[in-house]
Structures are given as C-alpha cells and as structure tokens.
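Okay, so we've got the same protein chain twice, two forms, each given alone as structure tokens, structure 1 and structure 2.
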Structure 1
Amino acid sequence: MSAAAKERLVSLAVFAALAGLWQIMSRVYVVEAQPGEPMIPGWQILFTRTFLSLADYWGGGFGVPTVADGAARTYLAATLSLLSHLAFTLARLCVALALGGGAGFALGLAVSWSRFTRALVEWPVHFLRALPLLAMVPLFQLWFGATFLGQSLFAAYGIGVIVFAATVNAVRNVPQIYIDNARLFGASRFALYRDVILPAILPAMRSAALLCLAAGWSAVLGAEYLGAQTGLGYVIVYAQQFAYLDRMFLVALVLIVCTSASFRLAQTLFARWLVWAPPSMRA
C-alpha cells in the first residue's frame, strides 16, 4: 500500500472515530434545548427528521408545494430547499471572490508599479485593512440594506484586504535577479509583470487563495445575517431564533463539505497552473 493510501485510511479512521464519538455523546448527554430538540442530535436524527425539517425553508416552485401553504414536509422539498439556499450562498461567494479578489490583486500590484501608484494606494488600503471586519457590518447594512449587492460587497471587502496584503508581500519576495535579468534583456514594464512577476508570485498566491476561501465563506455567512431571506446563513439565523440546534448542526456539516470541496478545487487548479514549479510548491 502506498504512503498516500495509508494517509487516506488514517484520515478516514479519524473521521469515523469523531462521528462515533458524536453519536456516543448524543446518547450520554440527553439534555434538550427545548422539548424535542436535543442539544447533541444523533446521526439518526440529523439525516431523517432534521433533514426533513429543511422543507420549512422551501419557497416553492417546480411543482413542489411549500409547508407555508399547508403542504406536508417531503424529502424532495427539503432537498430543493437545501440546494436553493446553497446556490444563493455560492452566488454571493463567487461575486465576492471576483470583486474582492480582483480589486485586491490589482491594488497589490499597483503598490509596486510606480512611486505614484504606491503613494496613491498603499496607505489608504492599509488603513482599510486595519478596520475590523465585524465593525463594518452595521455600516454595510446602513449603506446597502439587506440586498444581494450589499451582502456580496461586504464579503468582497473581507476578501480584498487579504488578497491585497498577500499580493504586496509576494511581489516584494520576488528575487531581484529575476527583475534585473528581464530589464537587461530590454523587457518593458508590462512584459516584466506579465512574464516575470506574475509567474513568480503564483506559488505564494496559492496560500492567499486558500485563506480567501476560508474568509469568504465566513464573510458571506456573516453578510447573510444582515436580514437576508435566502442562503445558508438565513437558515442558521432562523434556526437559532427557535433553538433548532439540530438544523444548525446539519447546515454546519453542509458548510464543512462545501468549504472542503472549494479548497480541493483551488488546490487542483493551482497544481495545474504550477506544473512548472517544484513539487513542494504544488503540494
């Protein structure tokens, strides 16, 4: 058996042990948050009654009636509800990554482009970086209200400051000999960035991308607390109001799976982009 296969088996064993420990705790600690709502729901509850309860959040469509209209809970409605709210959260995350990541990357490159752009960009953006993300929640709520744009911009702000700092640091760590050799051969400033600096900072930006994904998921959920009527954050807020701990935990599991999948996708993409780099940079 290869070393990679052994590592996967060990990881699976750890996950199985954690799942078994949770099930044991659900049997031992039988305290209820409210009648019928256990503090630690077992797996037999999460994947039956709890999953079925997600039908409460189905807004209708595709010929599937809603619980609000008097229909009974169904697994089809629960599945459609979960997928629809997940789609709204993913849409906010993608918009935030595009806006925040693009702006942060461009501003980070601008710091090293020239003295004028550095003076124009560096200190103002560093000032914005110092502002706590949670302190910006009421500001974005007042500025944009409970809108898709406002929620996406809030998450984009949290992502952008991370990308900006990572880009500035990555450019500063490019070996000076790369730049000197490019200038020696007559490379223009644009060619220098395109052919030398951008490929050189790509390995460092891999770590920044993973950090942005983690921050992005958190920021999007935080943004959905701002009065959103769709998204996984909305489901969590609604469940919290009625102490539905099992629903909160089930949504948390969905988020763990989605976050892990997004990490895996990012790692796969960077591994392809860094095929020219040593294996240690692609791991």
Structure 2
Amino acid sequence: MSAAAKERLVSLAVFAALAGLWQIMSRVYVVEAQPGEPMIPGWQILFTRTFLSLADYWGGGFGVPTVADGAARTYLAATLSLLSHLAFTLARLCVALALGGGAGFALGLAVSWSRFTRALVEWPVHFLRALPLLAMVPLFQLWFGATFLGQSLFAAYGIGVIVFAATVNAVRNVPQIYIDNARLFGASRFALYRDVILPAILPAMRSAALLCLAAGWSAVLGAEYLGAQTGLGYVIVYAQQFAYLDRMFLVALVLIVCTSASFRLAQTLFARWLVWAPPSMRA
C-alpha cells in the first residue's frame, strides 16, 4: 500500500472513530440544552428528526407546501430547504469571488503598470488590510442594508483587498530578466502583460486564491450570522436562538463538507494550470 493510500485510510478511520465517539458521548452525556433538545444529539436523531426539522426553513415553491402554512414536515421539504439555503450561500460566495477577485486582480494589474502608482497605493492598502475584515459587517449592513447585494459586496471587499495586494506583490516579484528579454524582442506593453507577466505571476496567485477562498467563506458566514434571511449561516444562527443544537450541528457538518470540497476543487484546478511550473514554484 502506498504512503498516500495509507494516510487516507488512517484519516478515514479517525473520522469514523470521531463519529463513534460522538455517538457514545450522546448516550453518556444526556444533558439537554432545553427540554427535548440534547446537548449532544446522536446520529439516529440527526438523520431523522433533525433533518426533518430543517423543513421549517423551507420558503415554499415547486408545489411543496411550507411548514409555516401548516403542512407536515416532509423529507422532500427538508431536502429542498437545505439545498436552497446552500444555494444562497454558494451564490453569495461565487458573486463575491467573481466581483472581488476580478476587481482586485484588474486594479492590481493596473496599479503595477508603473512604479509610481505602485508606491502611491502602498500605504492605503496597508491600512485597509489592517482593518479586521469580520468586524466590518455592521458597516456594510449600514451601507447596503441586510441584502443579498450587501452581503456579497462585503465578502467581495474582503477578497478584493487580498487579491489586490497579492497581485501587486506578485508583479513586483517577476524577475526583471523576463521583462527585459521580452522588451528586447520588441514586445509591446500589452503583449508583455499577456505573455510574460500573467503567466509568471500565476504560481504566486495560487496561495492568494486559497487565502481568498478561506476569507470568502468566513466573510459570507459572518454576514449571514449577522443579519441575513437566507443561507446556511442564517439557519445556524436562527436555530441558535432556540438552542436547537442538533440543527446547528447538522448544518455545520454540511458546511464543512462544502468548504473542504471547494478547497479540493481549487487545488485541483491550480495543479492543472501549473503543470508547466517547476515543483519549487508550486509550493
């Protein structure tokens, strides 16, 4: 068995053991957060009663009636509820990644055009990076209200600042000899950017992209925790107000699976784009 396969087996075993430990603890530690709501809900509760109760958050549509209208909780409504809130969270994340990533990257490239603009933005960007992102949720709520746009723009801002700083830094670190060589062959400024600088900064942008993904998830969740009407973060905080620990736990598990999958996807994509780079540049 290869070392990687062995490692995968071990980590699977660890997670299985954790799941088992949780089940044992749910039997041993039977304290309830409130009557009928165990502090540690066992799996038999999570996948039946808890999952069904997610139907409460279904907003209606597709001919599936909502619990608020007096319908019984069904597995169909619960599934739709989970998927729709997940879709809202993912939509916020994707809009934020597109807007923040695009704007940060474009501005970063524009600023790197000359040494003067680079020096001009240095202090303001340092200042903006020093402001703790997650503490800025109230400011964005004030500006844009508790709206989908406001939450997306908040996450986009957090992502944009990271991408901008990383782009400027990456362009500065492109070896001068690449640029001089291209100039020597008569490359225009545009061709220089397209054929030399863009590929050269790609390895450096890999770690920035992973940082952005982490910041994006945190920002979207932070915005949903503090005043949204949709999204998995909203479901968690809304459940918290009634101490429904089981619902919070189930939704958090779904979120962790999604974030892990998104990181796996980003790493695979970058691995494909960076096949040409020597291993030392891919770290």
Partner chain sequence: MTLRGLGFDPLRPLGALLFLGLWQAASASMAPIMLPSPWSVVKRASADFWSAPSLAYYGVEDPSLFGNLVYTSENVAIAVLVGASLGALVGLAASRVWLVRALVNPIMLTAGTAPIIIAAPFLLIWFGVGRASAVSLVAFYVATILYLFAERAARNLDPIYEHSALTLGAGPRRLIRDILIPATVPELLGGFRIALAGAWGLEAVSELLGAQSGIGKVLEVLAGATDAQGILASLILLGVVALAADACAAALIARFAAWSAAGAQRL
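Sequence positions of structure 1, starting at 1, serve as the residue numbers. If you superpose the two forms and keep the largest set of C-alpha atoms that fall within 1.5 Å, you have the rigid core. Computed from a prediction, not measured in an experiment: that's the story for all the values here.
**Student:** Given these two structures of one chain, say which is the form predicted together with its partner chain.
**Tutor:** Looking at both, the form predicted together with its partner chain is number 2.
**Student:** Could you tell me whether the Cα atom of Ser84 shifts by at least 2 Å between structure 1 and structure 2 after core superposition?
**Tutor:** No.
**Student:** Core-aligned, is the CA shift for Ser152 between structure 1 and structure 2 2 angstroms or more?
**Tutor:** The answer is no; the displacement is under 2 Å.
**Student:** Using a superposition on the rigid core, decide whether the Cα position of Leu93 changes by 2 angstroms or more between structure 1 and structure 2.
**Tutor:** Shift at Leu93: below 2 Å after core fit.
**Student:** Core superposed first, then measure: what is the displacement of the CA of Gln176 between structure 1 and structure 2, in Å?
**Tutor:** Comparing the two forms, Gln176 shifts 4.9 Å at C-alpha.
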